[in-house]
Ligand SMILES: N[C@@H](CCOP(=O)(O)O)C(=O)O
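In structure tokens, one chain follows: the form predicted on its own.
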Amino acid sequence: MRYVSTRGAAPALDFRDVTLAGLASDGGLYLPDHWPSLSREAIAGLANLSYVDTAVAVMTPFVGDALTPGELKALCAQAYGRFSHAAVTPLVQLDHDRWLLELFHGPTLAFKDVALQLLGLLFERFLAGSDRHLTVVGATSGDTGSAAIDALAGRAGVDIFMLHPAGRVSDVQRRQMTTVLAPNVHNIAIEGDFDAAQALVKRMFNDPGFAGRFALSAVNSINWARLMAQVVYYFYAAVRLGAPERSVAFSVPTGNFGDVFAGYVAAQMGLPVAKLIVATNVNDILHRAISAGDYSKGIVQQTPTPSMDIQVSSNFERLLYDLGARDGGALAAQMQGFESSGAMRLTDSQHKGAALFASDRVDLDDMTLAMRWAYEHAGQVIDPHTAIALAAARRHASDVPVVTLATAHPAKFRDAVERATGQRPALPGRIGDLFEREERFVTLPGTFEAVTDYIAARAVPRA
């Protein structure tokens, strides 16, 4: 398996190198040069497998010869052995045709753990025995930061610098990052929103002067290995609901488009996905793009769903590339136009090709009603992000099971949950002392110079 850039000008890489690289050198995102497929018989055979064995079966075609199946299984067993539920991503029934897929049983209580626990181990494995030192730079709107920091804290050969928008993540999300005091962990609160933080990270990768000094890598969903790991739970859930004999729909709370794109990958591999519902909050650039072909930035509005307070969804580029005949030159021109103007129309082939997707925009009132419905009618306390997706799922009629991805533990957003349901969820025991722990972070202006100067003073230069 080789990996190519969406913008067509970067060298193709194997799985090891694409994992360590993150963003492509031409500013694009890496994708496999073809989609592997699983036969109906192979998908049916997943039904009796554990999560770890499902992960090995789904990911092996992407890994190529970078790891043997035995080595991959050992890494998956180690990554998912830290989850608090034996099923890793269990299904919970809401009513006769709607389900929750709980993705928050990892160490930081968010779906990002599913991928990042494995990614941290892949970094360590691929760096072992070399003199290469990675400088991981990431931006987070909440959960990526804590999951990445937990996965990389104390690991040899890696330093992590995580940017988050000051005052725009929940107290729990912030403390899960800033109370990890390992010497290789550096938390940076920037003045600005998530889009500004993400733009800074992309600029670092694309700046020859900075990127040339350090071996940069990524933990955001721009890193292909992270997306690959998320494909697994679509297969794991669908076969338990009857796939491949029965199709399944998924509703996904979406900001950066990574989680729902993993569902698209599963469909390309042969999983019978009836529909992928892209559920946005009022920051609705993806809803406008999918429903009307209008991918144009608006002003980011701060909401109780901070992980979705985004107006530039970086993973959407991967879909546009795949739907645009994989023409890297054409997509590079399209994205450069968007980056300069903040507006873009999807081509006819891109818009029509996105037929697998539906979309919805959910406001604060409907989010609150969904949280209340889940508690009163199904006995489930859900977080605001999950509620956005559940509200969208309930609006879309379906004759197949609809799975809402529950992306965060409700205790990460206690105030919003309590306002909606009257219930204040407790933090699980394993992080129950979070508010007694010491915090460590720095607040910087949201400028390229301020952030890169800070990182350069602490990162390990290329050997």
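A residue's number is simply how far along the shown sequence it sits, counting from 1. Just so you know, these numbers come straight off a predicted model, no measurement behind them.
The same protein has a further form, the form predicted together with the named molecule, not shown here; the description that follows concerns it.
This chain is drawn without the named molecule; in the predicted bound form, the residue among 108, 307, 281, 251 with a heavy atom within 4.5 Å of it is 307.
221 is the sole member of 187, 135, 221, 176 with a non-hydrogen atom lying within 4.5 angstroms of the named molecule in the predicted bound form.
With the named molecule left out of view, the stretch that reaches within 4.5 Å of it through heavy atoms in the predicted bound form is, among 83-91, 364-372, 121-129, 213-221, 213-221. For residue 114, no non-hydrogen atom is located within 4.5 Å of the named molecule in the predicted bound form, even though that partner is not displayed. Using a 4.5 angstroms threshold between heavy atoms, residue 142 counts as touching the named molecule in the predicted bound form. In the predicted bound form, none of the heavy atoms of residue 350 sits within 4.5 Å of a heavy atom of the named molecule. Contact between residue 359 and the named molecule in the predicted bound form is not found at the 4.5 Å heavy atom cutoff. Contact annotation for 235-268: a single residue, 256, has a non-hydrogen atom within 4.5 angstroms of the named molecule in the predicted bound form.
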